[in-house]
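Starting off, we have a lone chain in the form predicted on its own, written out as structure tokens.
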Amino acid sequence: MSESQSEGFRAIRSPNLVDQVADHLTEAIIAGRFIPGERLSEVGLARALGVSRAPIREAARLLESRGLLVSQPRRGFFVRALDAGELEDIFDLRLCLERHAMEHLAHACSAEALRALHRQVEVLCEAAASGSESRRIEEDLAFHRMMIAAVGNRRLLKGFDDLAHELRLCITLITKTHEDPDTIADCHHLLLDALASGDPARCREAIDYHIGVARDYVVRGVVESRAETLAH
């Protein structure tokens, strides 16, 4: 683990070490301190976080189950590098979940739920303006989770929560589509306007566009990056 990778870490001393280590690693991956395909050094991380190698290894296994890391026999853990097919699958499932939520809420979105979503857009814009990539991603996911939670279907919400770990990797790849807080506000307000209209077709169109733009940007970027790598 290089000095640049260890910057921003702090020693961990808590009974719940594994979860805290997992949170630190997740934040580091989202922040780009570890790049896709990079091997994690158990020794370096243990030293940087002030813990033994055991909780590092357990946290890595936890992140592997969440789709953020992959393991290789006798080589250790690596940051997962999503290919175009995997990205398409993740966004396809996300679209199914959120399209269902939008169409349901078109008939049953309360004024209270809409106000809460509007407030969350403001929080998201503040996070974007703060310059914290990890905070922006979490607030973005929080908006969409609130929207799905408003449906009242616990299994639908669990499906989103299970997918959210992989979505963090995907959203990390689309930073350029959401650099400007005004852009973030505009694209999320389009969703809210569609919900307020009560028109299921408009809601479906809005969420298809919202997720489709992100999907197309990410997949195109991954394909172009791989083509450049092969060319060299």
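Residue positions are given as counts along the sequence shown, with the first one as 1. Quick caveat, the model's predicted, so the values are computed rather than measured. Take the two forms, superpose them, and find the largest set of C-alpha atoms that agree within 1.5 Å; that set is the rigid core.
Note that the form predicted in complex with a further copy of the same chain isn't included here; everything after this is about it.
Put simply, Glu27 is far from a further copy of the same chain in the predicted complex: not one heavy atom of it is within 4.5 Å.
In the predicted complex, a further copy of the same chain sits within 4.5 Å of a heavy atom of Asp89. In the predicted complex, none of the heavy atoms of Arg135 sits within 4.5 Å of a heavy atom of a further copy of the same chain. At a distance threshold of 4.5 angstroms between non-hydrogen atoms, Leu124 is out of contact with a further copy of the same chain in the predicted complex. Residue-level contacts in the predicted complex: of Ser52, Ser197, Thr183, Ser65, one residue has a heavy atom within 4.5 Å of a further copy of the same chain, and it is Ser65.
Comment: a further copy of the same chain is not present in this chain, but in the predicted complex one of Arg61, Arg33, His165, Arg202 has a heavy atom within 4.5 Å of it, namely Arg61.
Residues placing heavy atoms within 4.5 Å of a further copy of the same chain in the predicted complex fall in a single listed stretch, namely 73-81, out of 110-118, 124-132, 73-81, 139-147. Scanning 147-166 for heavy atoms within 4.5 Å of a further copy of the same chain in the predicted complex gives Gly152, Asn153, Arg154, Arg155, Leu156, Lys158, Leu163, Glu166 in sequence order. A movement of the C-alpha atom of Leu62 reaching 2 angstroms or beyond is seen between this form and the one not shown when the two forms are aligned on their rigid core. After superposing the rigid core, the Cα of Arg53 is displaced by 2 Å or more between this form and the one not shown. Ser110: CA moves less than 2 Å between this form and the one not shown after rigid-core fitting. A shift of at least 3 angstroms pushes the Cα atoms of Glu133 and Glu58 further from each other in the predicted complex than in the displayed structure. Relative to the displayed conformation, the Cα-Cα distance from Val21 to Gly131 grows by 3 Å or more in the predicted complex.
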